[in-house]
Ligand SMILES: C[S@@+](CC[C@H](N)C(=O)[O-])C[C@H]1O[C@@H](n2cnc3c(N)ncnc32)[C@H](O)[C@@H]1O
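Before any questions on how it binds or moves, here is one chain, the form predicted alone, in structure tokens.
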Amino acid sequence: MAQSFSLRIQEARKFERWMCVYREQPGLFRLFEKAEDPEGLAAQRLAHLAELEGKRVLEIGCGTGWLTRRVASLAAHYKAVEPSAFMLAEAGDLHPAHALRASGQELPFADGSFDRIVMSWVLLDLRPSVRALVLEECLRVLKPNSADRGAGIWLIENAATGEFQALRGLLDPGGHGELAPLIEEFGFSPVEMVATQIRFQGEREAAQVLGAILGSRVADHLQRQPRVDLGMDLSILFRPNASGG
């Protein structure tokens, strides 16, 4: 019988070092961010679906600015927060985003300050209890506005399909894959899947970055079968502002 997805994700987490590389090797993590969807297709679709133009937008966990650089100029007012000083230093100037160091659990903004909140590859890296705190803060700083159909929280996360998820051993065709807790426990709905790529400058960079983040199994695989790019399916998810009455 095929191994259940919950067991496969537990197995993957024994090897993967996302947060360790994020905190300790921001330069290496930026190489990964640069390789993700280099044409910015998912960011373009999120900006369109969320109707960011002319809105007050908050980005949580901006990292080195993958999403920020692609959508900040569309908004009337854009703020980006990131808890890691190392990541912000690696990001450099994210104008006009006005990036600042802050945690999603304690946002330094007044109630109702924003029309939209966006995140890319953030919530799935948090413990469930921390996710709940971040979402509480999101709802607090969102402006209640039931007439605005795009008001709420918009995410980009890995879909359950594609070569990248196959490399991680996390394919879940017909299921929600890693997205299941966001959908089943936290009220997000998948809006659109965007087929894109993760593409590195060369085989050595791909092996270095993916081996560091995804662990020894992937490092060994890429040594045997070097790759520069992989298909990467990304999911755009949405949770409306529940406080909008």
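Residue indices: 1-based, along the sequence shown. Please read all numbers here as calculations on a predicted model, not as lab measurements.
This protein has a second form, the form predicted in complex with this ligand, left out of what is shown; the following refers to that one.
- The candidate spot formed by Tyr22, Gly63 and Pro83 is fully in contact with this ligand in the predicted complex: every one of the three has a heavy atom within 4.5 Å.
- Here the chain stands by itself, but in the predicted complex one stretch of 39 to 47, 200 to 208, 186 to 194, 55 to 63, 55 to 63, has heavy atoms within 4.5 Å of this ligand.
- In the predicted complex, this ligand stays beyond 4.5 Å of every heavy atom belonging to Gly152.
- Among heavy atoms of Glu178, none comes within 4.5 Å of this ligand in the predicted complex.
- This ligand is not drawn, but in the predicted complex it has a heavy atom within 4.5 Å of Val130.
- By the criterion of a heavy atom within 4.5 Å, Gln165 is excluded from the residues contacting this ligand in the predicted complex.
- Residue in contact with this ligand in the predicted complex (any heavy atom within 4.5 Å), chosen from Leu126, Cys138, Leu94, Leu171: Leu126.
- Gln105 is the sole member of Ser113, Gln105, Asn145, Ser73 with a non-hydrogen atom lying within 4.5 angstroms of this ligand in the predicted complex.
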